[in-house]
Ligand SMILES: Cc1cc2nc3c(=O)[nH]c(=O)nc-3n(C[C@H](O)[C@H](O)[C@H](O)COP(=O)(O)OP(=O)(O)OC[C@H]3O[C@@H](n4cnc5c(N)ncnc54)[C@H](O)[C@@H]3O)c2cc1C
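This document starts with one chain, in the form predicted alone, laid out as structure tokens.
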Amino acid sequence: MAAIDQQASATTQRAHHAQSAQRMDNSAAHRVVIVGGGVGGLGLATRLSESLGRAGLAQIVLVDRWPTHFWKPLLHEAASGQLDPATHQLQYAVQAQRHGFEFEQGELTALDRAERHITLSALHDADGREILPARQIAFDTLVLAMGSVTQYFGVPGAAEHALPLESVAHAEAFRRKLLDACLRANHARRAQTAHAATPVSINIIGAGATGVELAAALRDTVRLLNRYSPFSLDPVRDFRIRLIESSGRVLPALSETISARAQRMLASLGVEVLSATRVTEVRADAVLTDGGAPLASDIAIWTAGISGPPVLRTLDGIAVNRNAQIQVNRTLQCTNDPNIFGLGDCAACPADDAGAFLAPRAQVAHQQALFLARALKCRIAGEALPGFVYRDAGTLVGFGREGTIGSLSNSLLTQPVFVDGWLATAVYKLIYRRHVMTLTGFARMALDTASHWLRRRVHPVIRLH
């Protein structure tokens, strides 16, 4: 389905590419090119188009290698099969038409800072035929919002045998492997083979928010799969879900109170937590650690760390740190080129004067997009740029049917407030709805919410194919 969507979107682009390029070439407006259509990039393109674009002060161009946008905090639900990503994706071409910006599908391969243009790779269909050639796109202001990629820290076999969770394609690959493992295990029990008593082993490497939420979602999934005969395995006896964390506790970036509560909730779900355990090698059928014997592994997934996309290291002298993140200052401008901005996971943004940097989180990207929507107005008007100030709104971690825990904070509170129960769950769900409303408006968000509510009552709550 993703390949069909990509081919259809690219074919549409090919039909309009020549006239779009001509329109860009003839425009005297300030050209803002945004590379990356994630939380920050797409939100920024939408806001700038509704303000500077409609006023004729700027031309906004969004670039992404995929044809659709998906909110990454939902990837664990897609991977566990409890959410159909096709019903939560937003087509960039549709968003561009509705809000008045240009969309170019392609992957960034090069940057010429002197000439102020970027190069996109050629786009090919599923048979390898070229749809669009390699292209150059000129800019006056370039915003790099390219997100992040999985960091394997050089662990042998990790890149080959541990799935990442960066995109819908990765979530679908994990879900497919899970269903296949369940079918094999169910057949072994029915046929009473030598492996009949062996549980399906799922190893999640990294107990940050993504790993913890995935582990909890998988416990819900195996319970739901038990209803259907091809997957009629005992949710407790026939599955072994492990969280492996190198630090001393789960959710190490959050408070000890939240971490301790999360540990108890994982234990109640039957998730095995191996803290202070470092993975030394990943094999096709096992995960090796410094803690003892190899751990059996039907599926391994790596959620232990991220870095900037490797292409950032190759872009015409752009300053990056050792984690391949763009080095930016308080205005989010690249430290060695004021015409280039960085936001979101791919940017190393100062958090304070002591040398700390903001963590790669969706709310950071969201706030940076809001900031740049204002700051670029100042830039085009020839005014001094303000400095970005991050305001932590707290963190929530979902545990499926067990609920949600976390902390909330704002400028009126002297310190974050721990929350759980219905309030935490309601806020957790509203965060995504706010994101949808930001992109589509209240009316479409309301209709989208109603359609998802109806869908969950008509269709199975778990994807079985």
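Residues carry their position along the shown sequence, with the first being 1. These numbers come from a predicted model, not from an experiment.
Separately, the form predicted together with the named molecule exists; it is not shown, and the next lines address it.
Heavy atoms within 4.5 Å of the named molecule in the model of the complex are found in exactly one of 418 to 426, 49 to 57, 436 to 444, 64 to 72, that being 64 to 72. Judged against the named molecule in the model of the complex with a 4.5 angstroms heavy atom cut-off, the residues 337, 348 and 388 are out of contact without exception. Listed residues 210, 367, 82, 186 were compared with the named molecule in the model of the complex; 210 is the one with a heavy atom within 4.5 Å. Of the candidates 363, 263, 201, 141, 363 is the one whose heavy atoms come within 4.5 Å of the named molecule in the model of the complex; the others do not. Although the partner is absent here, residue 157 sits far enough away that none of its heavy atoms falls within 4.5 Å of the named molecule in the model of the complex. Contact check for residue 241: no non-hydrogen atom falls within 4.5 Å of the named molecule in the model of the complex. Not displayed here, the named molecule is approached by residue 38 to within 4.5 Å at the level of heavy atoms in the model of the complex.
At a distance threshold of 4.5 angstroms between non-hydrogen atoms, residue 165 is in contact with the named molecule in the model of the complex.
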